[in-house]
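The chain below stands alone and is given in structure tokens; this is the form predicted on its own.
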């Protein structure tokens, strides 16, 4: 590098600094994004995302159309679980609440240990167990991360046949267990 090249580079840098060229270029990029459509979601106060049906969220235990429990207490879900987070205690069913003569007297999952791999869902012979779409699993206590059969048999906020992949209006509710975001499925827009 000769002396003239060195002088030219320093003069160019000096002019860039005097006329704030780098600052103006940065501000031009910022102002360019100022007038574009916002892509951020106002979660959880106003909007929430409803995932696709293939999403692996909180487990659900299901019933058939007559309202009988599909779980037959075979324990295949517990045996297939690599983290051993599912506990199933079977019992004979003489009340007719299940589809067979055996139901789960106790079905419990420890969400702190679950890695949502879906092996339990694949192992279930009666499709009683599915991974649902609920992904807001935070709670104030460790006990909240243990979900029982009664909780998982309850009605699901998003029906199974709902396609998903949309943003819906939402309402934020607080209770003693934590925060719940309830989606309004009647108003929805696409994710992109």
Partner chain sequence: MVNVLEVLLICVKVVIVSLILFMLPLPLTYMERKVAGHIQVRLGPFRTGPHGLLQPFADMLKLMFKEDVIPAKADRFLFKIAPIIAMVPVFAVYATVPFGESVTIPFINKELTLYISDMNVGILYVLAIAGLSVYGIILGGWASNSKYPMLGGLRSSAQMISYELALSFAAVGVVMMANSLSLLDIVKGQYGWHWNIIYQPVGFFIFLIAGVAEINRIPFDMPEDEGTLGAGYHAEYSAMRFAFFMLTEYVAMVTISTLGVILFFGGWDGPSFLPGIVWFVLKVVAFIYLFMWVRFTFPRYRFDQLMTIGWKILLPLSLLNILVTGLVII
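Positions refer to the first chain, counted from 1. So that the term is clear: the rigid core is the largest set of C-alpha atoms that superpose within 1.5 Å between two forms. Bear in mind that the values here come from a model prediction, so they are computed numbers and not experimental data.
Form predicted in complex with the partner chain: not shown, discussed below.
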*Given the partner chain in the model of the complex, answer whether the residues 23, 26 and 34 all have a heavy atom inside 4.5 Å of it.*
yes
*Residue among 30, 148, 64, 143 with a heavy atom within 4.5 Å of the partner chain in the model of the complex*: 30
*Out of 165, 139, 157, 44, which one falls within 4.5 Å of the partner chain in the model of the complex, going by heavy atoms?*
44
*For the chain shown here without its partner, which stretch in 120 to 128, 34 to 42, 64 to 72, 48 to 56 has non-hydrogen atoms within 4.5 angstroms of the partner chain in the model of the complex?*
34 to 42
*Any chance the CA of residue 160 moves 2 angstroms or more between this form and the one not shown, core superposed?*
no
*residue 64: with the rigid core matched between this form and the one not shown, does its Cα shift 2 Å or more?*
no
